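Quick heads-up: it's one chain on its own, the form predicted alone, in structure tokens.
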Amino acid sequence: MKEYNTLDDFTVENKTVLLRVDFNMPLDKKTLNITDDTRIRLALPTIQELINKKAKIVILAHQGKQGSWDFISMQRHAETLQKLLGKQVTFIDDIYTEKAKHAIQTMKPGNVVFLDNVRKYSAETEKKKPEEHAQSDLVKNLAPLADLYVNDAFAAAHRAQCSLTGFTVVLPSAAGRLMEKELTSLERVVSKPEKPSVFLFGGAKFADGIATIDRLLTNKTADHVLLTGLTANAFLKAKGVNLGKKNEEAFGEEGTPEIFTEIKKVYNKFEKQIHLPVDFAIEENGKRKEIPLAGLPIEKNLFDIGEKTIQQYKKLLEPAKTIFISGPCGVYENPLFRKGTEEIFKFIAQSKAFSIAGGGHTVAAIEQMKLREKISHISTGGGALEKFMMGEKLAVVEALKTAKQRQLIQVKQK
């Protein structure tokens, strides 16, 4: 039995459902058009189920943050949702005042109303306890019009913000289907992974991943950790490998002496389980050229892992029953340096292991290589995913659990 309620625990026919989703989308900086609608597509099962069950659906979401270039109205999002659903979605350029309230009060079963960017409400992003958020104008105005609150915004589940936790105090609350799937799948990888369990970390961010790698190996969640990209380079530098000036400049402000001391400690502790590249791909005369580890330092960027590393990593991945991917293996956007990411990702996609992928660039690479259907679960989370992997509590999930406990107490008292 889950510690939080799901849609299975409620009858929604003719009920007004406040649905909080995470539709914070990548936009084109010039046109402000949505460039990737993945997050909307992944929320469709929840929305479609509520429509089919004749609920009145009121959608709350955010885009960007006040002051940022991508802080825009949700009208484009509503139009995209309408196209994907093949059903009318009414956009309201208001959040909780008379216009929004009138739209909600006049809804019919199966209707979908999409309210404006919830971050236009200045108190939305304040970090407070759910009980404090419940006293906000947003919750006080919208909660009396609703019968149920559903949170399907896993990507924002680490944020203790108003529309994410405040309604759980005053309304019966449930996880949507995407939230439920994310939590169930990640629990399977982090808490009860089928062994052997292999984690692949790559991409351009490395500082945040060090504590995660340490925790996964300390807890014996991971049997092997395969490193690529900037993360691998950081571990090689910590080991004493001179990468060359260009490659070491890529660490930027994160590349402090303290961080490399920390990396060295983690590597020394788990040397047999942390695997690093043995060769790399560089660009020479407009072509791909592979060089061995012994060829470092070099004053050319390391753009990909080489053939020997690919084969070594495949051997480690072959017996795996659980695989987690976070980050591509190289600059896959460039056809010259797509090989490492493509070969490793395709190998994982064809394996029988339970596989999870997370992170924007990882998902983009999977989409580009048309592997989405072959990965067991693709996570929408960034910060939420990292915190979950670290074993930290997620504010939204805790609020949903508390809401269920509150409901059980009320039932007993009756």
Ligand code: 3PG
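As the structure is a prediction and not an experimental result, all values here were calculated from the model. Counting begins at 1, following the sequence as shown.
This protein has a second form, the form predicted in complex with the named molecule, left out of what is shown; the following refers to that one.
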TODO: Determine whether any heavy atom of residue 377 comes within 4.5 Å of a heavy atom of the named molecule in the predicted complex, and answer yes or no.
DONE: no
Open item on the list: Even though the partner isn't displayed, in the predicted complex is residue 323 close enough to the named molecule, meaning a heavy atom within 4.5 Å?
Closed with: no
Open item on the list: With a cut-off of 4.5 Å between heavy atoms, is residue 387 one of the residues that contacts the named molecule in the predicted complex?
Closed with: no
Task: Contact of residue 62 with the named molecule in the predicted complex (heavy atom, 4.5 Å) - done: yes
TODO: Check, residue by residue, if 39, 155 and 205 all come within 4.5 Å of the named molecule in the predicted complex, counting heavy atoms only.
DONE: yes
TODO: Let me know the one among 275, 181, 338, 119 whose heavy atoms come within 4.5 Å of the named molecule in the predicted complex, would you?
DONE: 119
Open item on the list: To verify the annotation, which of these, 159, 224, 288, 215, has a non-hydrogen atom within 4.5 Å of the named molecule in the predicted complex?
Closed with: 159
Task: Contact stretch among 387-395, 5-13, 20-28, 402-410 - heavy atom within 4.5 Å of the named molecule in the predicted complex - done: 20-28
